[in-house]
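Take a look at this one chain, the form predicted alone, written out in structure tokens.
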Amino acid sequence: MNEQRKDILDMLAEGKITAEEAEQLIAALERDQPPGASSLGTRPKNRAKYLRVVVDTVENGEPGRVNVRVPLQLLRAGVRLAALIPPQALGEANAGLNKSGVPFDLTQLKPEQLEALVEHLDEMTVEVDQPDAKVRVFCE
């Protein structure tokens, strides 16, 4: 059994995801596996290295562009480091985020969740209220 499949089954056993979500994740793993690859957990050679967010807009007739490229290793390291933060500090950080209008719970952030997110970015849809804006979120 490969490591990613084991992680999915562990999340299911811990109640972090539903059986349906586990099934979708496992199906995505099988779909992304190159032909002829064994199920022994070999990683694809073309593994994504960056999270990319590109926003192209037109405001008052002027084109604008935001282009953010974040190394996924930085995100992975950040998630791992978050596990070292004392619970009281996480509580204070969560309170600060909520006060700023960001309803995010840092205590629920786990490395396996980040990996699942990265693997499914190709299925992500972003809606924008501005008709002249184009937003793309992807891994490369």
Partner chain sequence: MPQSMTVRVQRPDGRPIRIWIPMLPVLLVCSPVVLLAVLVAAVACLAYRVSVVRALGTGWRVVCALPGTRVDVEQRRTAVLVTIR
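Worth saying up front: this structure is predicted, and the values here are computed from it rather than measured. Numbering follows the first chain given and starts at 1.
The next section is about a form of this same protein that is not shown, the form predicted in complex with the partner chain.
Contact between V102 and the partner chain in the predicted bound form is not found at the 4.5 Å heavy atom cutoff.
The closest non-hydrogen atom of Q108 lies beyond 4.5 Å of the partner chain in the predicted bound form. The shortest heavy atom separation between R47 and the partner chain in the predicted bound form exceeds 4.5 Å. Remark: Q113 does not count among the residues lining the partner chain in the predicted bound form, judged by a heavy atom distance of 4.5 Å or less. Taking a 4.5 Å heavy atom cutoff to the partner chain in the predicted bound form, the contacting residues in 81-107 are L81, A83, L84, P86, Q88.
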